[in-house]
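Listed next as structure tokens is one chain, alone, in the form predicted alone.
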């Protein structure tokens, strides 16, 4: 089956893409660029760098802009899927949804209306097992946004390695947040993955942080050999 991946550049969509590649044919990445940083549906930090990741993955990227207004942003998603079906012949859509019923039901509805299969390989996955598999598979992921206590500015730009994962486990237990950031507690960016030909090297970035709310903006990056 020919699949498109709803791709944000974060760990969940990248991992879902990799899982889909093991069973089906991924023919394109689809990125929705929201002008609204508070989008209900779509990841926003460093979204423009999905093009760099797509280049490393050797996959075409279909990029669609949206104002990010609640519900109406689904019309822009629909337009992107129609374009992907016409341009790349997709028969289904892959998403990185884990727990968000709000996102999953709306994605499934749009796919159903267009006659596309909706594949959610991470849906209701054990979060600890997923994070372990992510690292075991060779994904390299940095934290690019924090939006909850007790995260401070030191987390911005930090790579999720074994030590960081242990800290996240402790925080998840003590503060009753999700280990994966699925509740909006943090956002991520993938700098390397098993299906990348080259690693994303961050050359310049800046941090904006205040009151447990901050973003690491990647201002310049390129692809380098591993």
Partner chain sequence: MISVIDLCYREDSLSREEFVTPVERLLRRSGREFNTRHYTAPDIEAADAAILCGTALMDTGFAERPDLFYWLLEFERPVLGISSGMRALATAFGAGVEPGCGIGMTEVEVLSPDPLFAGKERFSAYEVRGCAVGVPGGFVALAASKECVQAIRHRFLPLYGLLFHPEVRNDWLIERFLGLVDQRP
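Every value quoted in this text rests on a predicted model; they were computed, and no experiment measured them. Positions refer to the first chain, counted from 1.
Separately, the form predicted together with the partner chain exists; it is not shown, and the next lines address it.
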Completion exercise
Among 183-191, 22-30, 161-169, 55-63, the stretch whose residues bring a heavy atom within 4.5 Å of the partner chain in the predicted bound form is 22-30
Exercise for the section: Indicate whether the candidate residues 1, 124 and 129 are all in contact with the partner chain in the predicted bound form, with contact defined as any heavy atom within 4.5 Å. Expected result: yes
Exercise for the section: Consider residue 119 of the chain shown here, and say whether it contacts the partner chain in the predicted bound form, taking contact as heavy atoms within 4.5 Å. Expected result: yes
Exercise for the section: Could you confirm whether residue 147 comes within 4.5 Å of the partner chain in the predicted bound form, counting heavy atoms only? Expected result: no
Practice task
Give a yes or no for residue 105: in the predicted bound form, does one of its heavy atoms lie within 4.5 Å of a heavy atom belonging to the partner chain?
Solution key: yes
Exercise for the section: Report yes if any heavy atom of residue 109 sits within 4.5 Å of a heavy atom of the partner chain in the predicted bound form; otherwise report no. Expected result: yes
Exercise for the section: Determine the residues of 191-222 with a heavy atom within 4.5 Å of the partner chain in the predicted bound form and present them in sequence order; the list may be empty. Expected result: none
